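Heads up, the chain below is alone and in the form predicted alone; it's given as structure tokens.
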Amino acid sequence: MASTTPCYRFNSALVRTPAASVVNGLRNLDAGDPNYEHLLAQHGAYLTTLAAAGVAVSVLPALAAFPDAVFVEDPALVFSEGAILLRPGASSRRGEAAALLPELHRRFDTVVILPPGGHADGGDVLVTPDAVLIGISARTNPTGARALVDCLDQLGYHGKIVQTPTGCLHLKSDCALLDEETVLVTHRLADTGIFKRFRRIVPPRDEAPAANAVRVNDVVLVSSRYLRTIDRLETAGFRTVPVDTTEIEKIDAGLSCMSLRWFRN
């Protein structure tokens, strides 16, 4: 791996303010439209939590034309060494990448662009100490994954393609790296064997969305709805910060996808 900084150490983050159109965001299951004012408040609390964890947060303006643009992690990947502009799998989100490109150029000396032909979402990418895992899903196809391996190589990272289980929107919908040897992972993803070398903390089956947590420096951000998962994390020695995600979960989202995080040397 290119960087020697632990995968969960960050001092910089890029986020985007939710537009009012976010209530029309994509979703696999209809749990009702999110309440915009509540979602905006939850997003603000998320930014406060990142700052309290030691991260300098830059906030981009809302993009009304793109309801899902608040989920800024999907159109790009960021590292200390540079950024990769992706090509989201949902056609309605392709314009998000173009809007993000100038912001990446402002912050990174090196910006690699995923070539045309395939698609890949940042939500399908998990950085681990051994490799950058790229999950094949409805949003990341094999062509895009193979191209992403080449892009990662340009930044000095080793990409490894894995298969997500049926029904998994994104790889990181079902997992989060907690430290160099531990992951929070759902039953269905743990059963694939992808994380067989890791210590695995598995949420109860009825708390599966809790696996979309994010380790930021010394704390683990986790949805406040999932008390038994929080207890399992605390019992395992991790310090958790519960964050309200009731509205963003209505549009298939969680804590990792609302920010691009990196360590600025």
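Note that the structure is a prediction, hence the values are computed from the model and not measured. A residue's number is simply how far along the shown sequence it sits, counting from 1.
There is another form of the same protein, the form predicted in complex with citrulline; it is not shown, and what comes next is about it.
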Requested in this report: Kindly confirm or deny that 71, 93 and 212 each have some heavy atom within 4.5 angstroms of citrulline in the model of the complex.
Outcome: yes
Query raised in the report: Is there a non-hydrogen atom of residue 169 within 4.5 angstroms of a non-hydrogen atom of citrulline in the model of the complex?
Result: yes
Query - residue 87: touches citrulline in the model of the complex, heavy atom cutoff 4.5 angstroms - result: no
Query raised in the report: So, in the model of the complex, is residue 123 in contact with citrulline at a 4.5 angstroms heavy atom limit?
Result: yes
Query raised in the report: For residue 173, is any heavy atom within 4.5 Å of citrulline in the model of the complex, or not?
Result: yes
**Report entry** Location of citrulline contact in the model of the complex, chosen stretch of 38-46, 197-205, 63-71, 214-222 [non-hydrogen atom, 4.5 Å]
**Finding:** 63-71
Report summary line: Answer key, citrulline contact in the model of the complex at 4.5 Å (heavy atoms) among 257, 243, 19, 14: the residue is 257
Report summary line: The one residue among 26, 57, 236, 227 placing a heavy atom within 4.5 Å of citrulline in the model of the complex is 26
**Report entry** Stretch 245-265: residues contacting citrulline in the model of the complex, 4.5 Å heavy atom cut-off
**Finding:** 251, 252, 253, 257
